[in-house]
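Following this are structure 1 and structure 2, which are two forms of one protein chain, each written alone as structure tokens.
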Structure 1
Amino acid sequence: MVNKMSHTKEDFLPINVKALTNNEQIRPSITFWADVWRRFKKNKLALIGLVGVIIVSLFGIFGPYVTPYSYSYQQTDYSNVPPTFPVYRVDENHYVFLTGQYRLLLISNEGEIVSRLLLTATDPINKIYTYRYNDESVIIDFSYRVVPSRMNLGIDYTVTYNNSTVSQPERTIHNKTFLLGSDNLGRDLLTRIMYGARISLSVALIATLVNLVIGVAYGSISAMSGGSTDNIMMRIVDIIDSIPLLIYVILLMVIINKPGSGYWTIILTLGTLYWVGMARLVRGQILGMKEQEFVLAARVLGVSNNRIIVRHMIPNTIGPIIVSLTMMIPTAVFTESFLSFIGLGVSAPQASWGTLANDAISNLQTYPYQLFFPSIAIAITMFAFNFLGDGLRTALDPRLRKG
């Protein structure tokens, strides 16, 4: 006997999904790059490096557009003016500042250089110099350095104008005309550092991209080919890596031998030598993966080696490649600065951090700021990229992840 069950409308109502959901919420899955960014944000030094890279890049790209000077603009009357200087008041609205070359500059209350005052008379025995301002004489008296009776007064020199003598500067003022000072030809140091950032970063970027293409392609082909082909290709890498950098640069400069070719010589040098490290890195990564199951499965399906490299090998080595590129940029910046410093880089009047440091060496004791600011720019760039690269290495390498 079959029991017949009766059904009502309530038996066919839609199920309330929320009532069946577990109260414990499941964390939504995140992508690989989202997980990398999450781990990267925990590294404070890496974030500082990222901010530093952005600032240096913006400084070099957009900085030259906002400065009123070009990298080659010279004002010889205003040479070797420091970023801050002591001033002596001559009237209500103006001060004077004496440079190391005994040029007397008229300075406004805001710190802007107005003009250079004309030297009208000198007394080389007593070290007295007379300048002209508003049809009146401004007398700079250095006799306190040479007259024995005055040498114990502790005065460097006095400024006399309109029957008023001042022996001590009224205050130290910031240079509003040249924020970081001027060099020995009266060029704005800040502008030249901006152009130097553009040159150094462009050299590093172009060389790094060339190294990326050549190194990844060469290392991948060598690893996938194996056997004697791999052995021959790696011996070629060893030969290239054994060539000293300076000899290679000198040979290229002799071969090219064209004015202004230093910029492209450095790019060519870095692009043809620095890829060997990338090739070794990629080869090592692919050798560790070429016998894994997903590669064997692709080969069974008839996929060519080139397609395996592009679709499987390179995407699985992208983490070490990015880290290597990030570390390669500061190396290229330092190499470019070094070659320019020894005279094998960009030629005058182009501005590079290395050439700025080289120009400042002769005036190091007298005008140390001319070496200090380019050196600080190089150091900041090196630290920023190294912090960024170390943070990316920690975030991308699963063996270094701690949570």
Structure 2
Amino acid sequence: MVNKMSHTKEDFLPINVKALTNNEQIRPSITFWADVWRRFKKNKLALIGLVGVIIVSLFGIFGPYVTPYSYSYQQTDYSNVPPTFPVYRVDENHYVFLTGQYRLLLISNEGEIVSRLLLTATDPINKIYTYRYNDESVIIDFSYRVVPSRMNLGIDYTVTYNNSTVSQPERTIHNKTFLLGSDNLGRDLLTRIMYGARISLSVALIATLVNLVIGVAYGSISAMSGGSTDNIMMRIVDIIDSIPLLIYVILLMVIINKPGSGYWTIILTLGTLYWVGMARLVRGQILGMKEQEFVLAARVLGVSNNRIIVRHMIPNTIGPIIVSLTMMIPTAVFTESFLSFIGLGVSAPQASWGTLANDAISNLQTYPYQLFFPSIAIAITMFAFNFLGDGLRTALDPRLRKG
């Protein structure tokens, strides 16, 4: 009894793939980076950080093209003008504002500085200064600051013009000429902060990239060589790690700094000293990967060591590298402003945020805004990069993946 199997032609037709897959639960596959972005997006703080980084970068890149001033353009007549100031009315369209250095500035109704009024006479005994405006005298009486009987009247000084005397400022007006005020040489602070962003961020970025290249090369060579080469290379890293690097950054700055070259000196010193962490990170990652099958497969196919590092290892460590990069940039911004602050930064008239803060220290009590704005810029940048780095770390770390 042989049951002869019979096949018809229909049995050999291709099956309907569509009908078959329609029954399966499938989702479109997500690439690694799409997955990272998906998780990154969920993190509000990280998004804020990303936006902050973008804004600060745009501020530094395009800001200087937008402002009417250059970072070194000085109008010494208008030095130390704050971003907002009290004004006294002189005529329909104009106010006057007295600067901390007893300069009388003519201010338009909109808050623009029109001109500086000429000081024609000073009476140091009675504390009366006379300025000239439209061929008339503007008399400022400071005696309220010194005469005991007048000191408690709540009046700072009086402004007399055209026989009318004003003792209280009419209002506080926003400075439209210098939006964030001007510095002690009459340079626009906003413009200088924009240029400062350019210098601080570019120093940080270039120094970090130099660190990246050195660190990745050092770490991967050390890990791939193994044995005593690895041992010696890591002992060197140990030694560098046990040195307070900032002292050597300062020392190196002293040694190689020539007048006018502060910018490149900072990049060089920061770029060549801080790669140790990156080298350790890359080495650790590569050691973990070295014995895995895909590396063995590449080796069997006859791929050279260098090529394995460049094509297989580094792309696989890119996540931790990026995280460490975003953490290194704020550190570099920080170190740069620190160095500038103790007087080892870029040379005048160039400005970084650190030099701006340093310049502002000496007249902090009188013109605090000169310190506040650069400090805010530094803090915002550090904030943004830190949040971005934290977010990237969470998004890129597969162990923290929830599903």
Partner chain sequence: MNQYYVKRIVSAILTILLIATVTFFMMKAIPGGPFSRERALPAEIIAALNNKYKLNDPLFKQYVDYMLGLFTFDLGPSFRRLGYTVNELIAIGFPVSAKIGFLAIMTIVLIGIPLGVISALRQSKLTDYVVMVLATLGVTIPSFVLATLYIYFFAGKWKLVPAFGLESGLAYIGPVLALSGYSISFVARLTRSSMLEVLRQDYVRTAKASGLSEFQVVFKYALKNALIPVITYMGPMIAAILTGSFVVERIFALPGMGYMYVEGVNNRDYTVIMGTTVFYAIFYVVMVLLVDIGYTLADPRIRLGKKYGE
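Note that the rigid core is defined as the largest set of C-alphas that superpose within 1.5 Å between two forms. All residue numbers here follow the sequence of structure 1, with the first residue given the number 1. Remember, predicted model here, so these are calculated numbers, not experimental data.
Enquirer: Where's the form predicted alone, in 1 or in 2?
Expert: Answer is structure 1, the other one does not fit.
Enquirer: Examine I243 after superposing the rigid core and state whether its CA is displaced by 2 Å or more between structures 1 and 2.
Expert: Passes the 2 Å threshold, so yes.
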